[in-house]
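A lone chain, given as structure tokens: the form predicted on its own.
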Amino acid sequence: MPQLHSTENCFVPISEIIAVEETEFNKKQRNIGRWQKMAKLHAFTVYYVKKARNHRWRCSDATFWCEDEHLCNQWTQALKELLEMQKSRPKQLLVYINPYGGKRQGKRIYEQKVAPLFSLASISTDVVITEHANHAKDNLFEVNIYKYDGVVCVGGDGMFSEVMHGLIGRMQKDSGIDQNNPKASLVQCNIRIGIIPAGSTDCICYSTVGISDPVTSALHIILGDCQPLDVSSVHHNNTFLKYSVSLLGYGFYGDILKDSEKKRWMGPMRYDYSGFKTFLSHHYYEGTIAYQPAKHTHGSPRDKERCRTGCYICKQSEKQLAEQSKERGLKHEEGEEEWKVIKGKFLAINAVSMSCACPRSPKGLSPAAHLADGSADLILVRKCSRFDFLRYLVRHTNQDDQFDFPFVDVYRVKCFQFTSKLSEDNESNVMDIGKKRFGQFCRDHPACCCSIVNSTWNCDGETLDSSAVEVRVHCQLMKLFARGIEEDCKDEAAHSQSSIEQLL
């Protein structure tokens, strides 16, 4: 039986072994008395995931040795065959690196921290260094994406958004789906996307893995983890604008983004500056919102049920949504349901498809938002004093309920429409429901006290100038190399039935 050459016991699930390699034991052996007399020992090394605190993963190793070369080879071959049975693991990846994002460290991070791990796991890669905006997106419409097991983006949320738009757009094009149709049933993208965080903001990575760490993300990719993700489509006047997976914000967060884009020379610090400036300006915007409640979901924005690995709410909501779609198909209906309309003056209108957690805001904008339940949390912050708005913002950094204010409303929706009060008639045509009620609203409030005509939509860190939009959530439209946030990374291995210890 092979012996473990280590000072501590190892217990590792087969699913979390990275690689197995033959080892020259003499190079690693210590001066262990009784083995010094032996001419030669045979050994193999098992590389595996070691989980630390705060969802951080690292690559560790354990070396096993024995006198019999044949026995050593048998164990090596058996473990490699077990790894071959892990069919979800990628063999070939297409990698896009943004060398300009964040602190311009993307290329160095990939070459020094990620590429060696991919090589250890025998993953072949085709690497593309992006040279301009939309380089990755355009390239995904040209390459043979079907020969890859996944696409990896090295950068921030902007780089991820570019790759996502390229992949989803390519899928719809190949399937003959018109993206400009807001009611179109989009084809699911089964090619997984991996995120190696190296940008100014890594919200998506943080919200789906639990930490913004390149090595941890690389290990999730190697193990072949899969996390479905909802995607929201944004349209204006039957014209497709963007896809969103995290934040779609109008008002406060839109103004921050618009101002920060003029100050890119400041680096990541520009967000703090623009945020403080926008808070002091205290602009609010008048408009109307029409939405359809997400009746299929099993959760609510205030139930404190966080989305975690193997989320029950996401699985049940997906099942319920599929049953509703089947029923509508049998009745040949378009699924016309009652729309609810809200009108007023708002400091911020936010729609999030995930918690949007980050190191500064560990809970995020909506702590109970789910990654794959086919809904978005619509958060409306009505006009209030600066002091009250500051109280609301501070709630994002502590454990208090950030929705517990009379001027804050939150709804779980599957689609919504918005029109600014001051939108031009040709812009408001997109609002079929909202427009019918908007005329009365304008007659009741002829004097507009808004200091700015319109705000800007912040769509996952990119600006949208059209204030009138129609947004629809597409359940589990794409997949990530992630597993959601684990409750307790250290305890999960203890419940696994397959392990090296059991094999040996």
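Quick note: we count residues from 1 along the sequence shown, nothing fancier. Keep in mind it's a predicted model, so treat the numbers as computed, not measured.
The same protein has a further form, the form predicted in complex with a small molecule, not shown here; the description that follows concerns it.
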Name the single residue among 188, 201, 125, 325 that comes within 4.5 Å of the small molecule in the predicted bound form, judging by heavy atoms.
201
Candidate from 99, 293, 344, 169 lying within 4.5 Å of the small molecule in the predicted bound form - any heavy atom
99
Check whether residue 158 has any heavy atom within 4.5 Å of a heavy atom of the small molecule in the predicted bound form, and answer yes or no.
yes
Since only the chain is shown here, I'm wondering whether residue 264 would be in contact with the small molecule in the predicted bound form (any heavy atom pair within 4.5 Å).
yes
Is residue 131 close enough to touch the small molecule in the predicted bound form, meaning at least one heavy atom pair within 4.5 Å?
yes
Give a yes or no for residue 213: in the predicted bound form, does one of its heavy atoms lie within 4.5 Å of a heavy atom belonging to the small molecule?
no
Interface stretch in the predicted bound form with the small molecule - options 296-304, 224-232, 148-156, 81-89, non-hydrogen atom within 4.5 Å
148-156
